[in-house]
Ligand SMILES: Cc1cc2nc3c(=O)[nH]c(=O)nc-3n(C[C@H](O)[C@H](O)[C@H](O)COP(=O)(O)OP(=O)(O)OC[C@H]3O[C@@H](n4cnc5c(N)ncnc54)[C@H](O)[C@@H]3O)c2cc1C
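As structure tokens, one chain now follows by itself in the form predicted on its own.
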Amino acid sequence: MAVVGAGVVGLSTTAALLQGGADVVCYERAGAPMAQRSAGSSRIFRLAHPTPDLVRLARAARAGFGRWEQAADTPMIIPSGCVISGNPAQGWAAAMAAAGAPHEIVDAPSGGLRLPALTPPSGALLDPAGGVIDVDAVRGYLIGVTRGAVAGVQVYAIEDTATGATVWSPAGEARFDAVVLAAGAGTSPLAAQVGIYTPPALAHHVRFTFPIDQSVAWQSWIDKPSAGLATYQHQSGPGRWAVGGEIDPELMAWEMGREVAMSASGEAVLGYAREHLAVEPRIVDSLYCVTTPGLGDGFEVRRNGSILAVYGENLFKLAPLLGDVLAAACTEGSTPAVPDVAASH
């Protein structure tokens, strides 16, 4: 088997295949695993999602993180809780109720909200199972279990054949029974070579870190107000608070260039922090990544013969589940979809 891309989804798939006894090569053009879209030290974990199926997938993924934690003998999710406020709150609460996931609608005066907001939201959804993923712990575990399977070379061509698939890289030509394309921004051009469509549009995105009091223990927070900047926020380490914002798409469009996007995003997020947050309004770190606009939560898998392509956004929190699902699809010849995966969990 071959996996193209050593981000968290690619490494999770490689790990699951290895644990199932398969021979696997995982190709990574960046050289270092989890160095691009999976970079950083933390991510939000949440059961809260817009549909019951996605809630069920997140719950199954949490069980997968639990298995990884047990195998690594180290915690991977810090249980801070996660708050969703603004437009999605009621709909996401209904999805959680339908999936049987614990949740609560919390008013600001109740004391159930622990947020950096100068003016706390009212009527917010609290996901008590939410928290912060320790990306460094996940990275260390996955690199350990996939050691020896990762090749630091770029795949520049693939071909589906009657007996499997061929992969071309600077290391030469190699034949495989199946190939999983999990290369983030690199998936679309490779998938197109074998007649698989995945969204080709790219956009810039930046997350910024602000200093905070090291004694605080705030909940992760997703805020999508009817007016103003939509944000996601979480603790990214002791004394550090990370904020990402949904900036004007025209400013974040790929053709605008990285520097313009970073400047526009930094200005918007810093202005928001000064007006709305109890943080020191000083950016001390930033994390840049490339995204595919308009995808939202969830994933899609498409197949042509022995080649599968997976894409989506916000996939880190589903990584243990996706690894198992994609590994099974390789060996079974199936094409997984969210409703079918959710029904089986």
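These numbers were taken from a predicted model, which means no experiment stands behind them. Start at 1 and count along the sequence shown; that's the residue number.
FYI, the form predicted together with this ligand isn't displayed, but the following is about it.
For this session: Report yes if all three of 10, 205 and 232 come within 4.5 Å of this ligand in the predicted bound form by some heavy atom, otherwise no.
Result: The answer is yes; 10, 205 and 232 each reach this ligand.
For this session: Answer yes if any heavy atom of residue 41 is within 4.5 Å of a heavy atom of this ligand in the predicted bound form; otherwise answer no.
Result: Contact check for residue 41: no, nothing within 4.5 Å of this ligand in the predicted bound form.
Exercise. Does this ligand come within 4.5 Å of any heavy atom of residue 183 in the predicted bound form?
Worked result: Residue-level check for residue 183: yes, a contact with this ligand.
Problem set entry | Touches this ligand in the predicted bound form: residue 68 (any heavy atom, 4.5 Å) | No, residue 68 sits far enough from this ligand in the predicted bound form that none of its heavy atoms falls within 4.5 Å.
Exercise. Is there any non-hydrogen atom of residue 37 lying within 4.5 Å of this ligand in the predicted bound form?
Worked result: Taking the distances in the predicted bound form, the answer for residue 37 is yes, it comes within 4.5 Å of this ligand.
Exercise. Out of the stretches listed (251 to 259, 120 to 128, 149 to 157, 267 to 275), which one is close to this ligand in the predicted bound form, meaning heavy atoms within 4.5 Å?
Worked result: Flagged stretch: 149 to 157.
Exercise. Which of the residues spanning 1 to 35 lie within 4.5 Å of this ligand in the predicted bound form, based on heavy atoms?
Worked result: If the 4.5 Å heavy-atom criterion is applied to this ligand in the predicted bound form, 1 to 35 yields 4, 5, 6, 7, 8, 9, 10, 27, 28, 29, 30.
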